[in-house]
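First comes one chain, alone, set out as C-alpha cells in the form predicted alone.
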Amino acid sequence: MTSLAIGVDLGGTNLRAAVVDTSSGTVLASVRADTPIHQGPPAIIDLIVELVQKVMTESGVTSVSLSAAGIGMPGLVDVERGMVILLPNIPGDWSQIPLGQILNQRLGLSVRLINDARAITLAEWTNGAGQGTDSMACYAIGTGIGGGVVVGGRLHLGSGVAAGELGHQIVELNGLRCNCGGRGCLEMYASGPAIAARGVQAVIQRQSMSIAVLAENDLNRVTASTVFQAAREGDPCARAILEEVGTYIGIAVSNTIHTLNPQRVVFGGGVMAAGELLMAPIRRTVREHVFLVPVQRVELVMAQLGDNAGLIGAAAWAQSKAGPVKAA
C-alpha cells in the first residue's frame, strides 16, 4: 500500500490540506485558505475539495497514488459513518450532512473524519514526541483545549469516540460556564482566550502596566502572546497569571496520570509557546499532587510536530482506516 495520503485540518480561522508521507510523517506539500465559516457547510465543503485538488496538482500526485484522505474536525465526529456529531465553533447544521460520503464521491478517495486533537495525538505518537511509548496522553492547548490518549499501543477513542477530551476535565467545582455546557472545565482557565481575558482584567484593574504598554493601551490587542511577552520581561502580574494557568493544567495532568498512568504526557498548541513559564508550574503541581503513581516515571514533554501535527495525524488516520464509510 502506498504511504501517501491527504491530510486536511479544518479550523475556525484557517483550512489546510497537505500531501503526507505517512511512513515518515513528512509533509510533502501543503496549501492554506481562510475558512468561510459564515457561508455555511456547503462553502466549506467546496473549499476542502478545492484545496485537496490544488495540493494534489502542486505535488504532482493523483488519486491512484494516494491511499486515502483524512479530515481533522474541531468537534465530535462519528468516525465509522463519517458524520459530524458536534461542531461548536463553526456555524451550520453539520449533524445531518454525510460529510465522509460527500467528500468520498467528490474526491474519488476513501475519506475518513477524526477529531483534530485526536489527529494531533496520533501524529505525535507515531512520528513525534510520543514515539516509542505504549501509552501517552496529549494536551493540545490553543484557542480551545483538546486532547487524546494512547492506551495499549493504539489511539483510544472510547465507546462514543470521545475519549481524550482532556480540556473538559473539571478543575473548578461550579466554575465558569464552558462552551460545552458544563462548568469549571480546564478550557475556561487555561486556553488562549482565557489567558487573554486575564490579561485584559489585569489592565482594567491597573495591575500590569507592561501588558497595557505592549498592547498600546488597546484592550482589543491583549492576547495570550501579550501576556507571555510581559511575563518574559519580568512583569509580576503576567507571571502570576501563567503560574495560575500552569497550576490548573498541572491539576488536570495529575488526574490524567492517576487515571491512565501514561509513559509520557505531550503538550502542544499555541499556548505552549510560553514554554517554561507554563511547564515549570505544571511539573511542580504534578509533583505536589501525584502520589499513587511513580510520577518520576512519567515524562512531561513538549510536542515536536508543530502546526503540521493535525495534517499528519489526519492522513495517518485515513490510511489506517482506508475503505468505504458505512452508510449514513
Ligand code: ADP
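In this text, residue numbers run from 1 along the sequence as written. The structure presented is a predicted model; accordingly, all values stated were derived computationally and were not measured.
Quick note: we don't show the form predicted in complex with the named molecule, though the next part is all about it.
Contact annotation for residue 94: none of its heavy atoms lies within 4.5 Å of the named molecule in the predicted bound form. The shortest heavy atom separation between residue 225 and the named molecule in the predicted bound form is within 4.5 Å. Using a 4.5 angstroms threshold between heavy atoms, residue 167 stays clear of the named molecule in the predicted bound form. At the 4.5 Å threshold, heavy atoms of residue 143 reach the named molecule in the predicted bound form. When the named molecule is considered in the predicted bound form, only one residue from 246, 192, 128, 82 comes within 4.5 Å through any heavy atom, namely 192. Scanning 266, 68, 52, 271 against the named molecule in the predicted bound form with a 4.5 Å heavy atom cut-off leaves one residue, 271. Remark: of stretches 95-103, 217-225, 181-189, 204-212, the one touching the named molecule in the predicted bound form is 217-225 (heavy atom within 4.5 Å). Scanning 12-36 for heavy atoms within 4.5 Å of the named molecule in the predicted bound form gives 12, 13 in sequence order.
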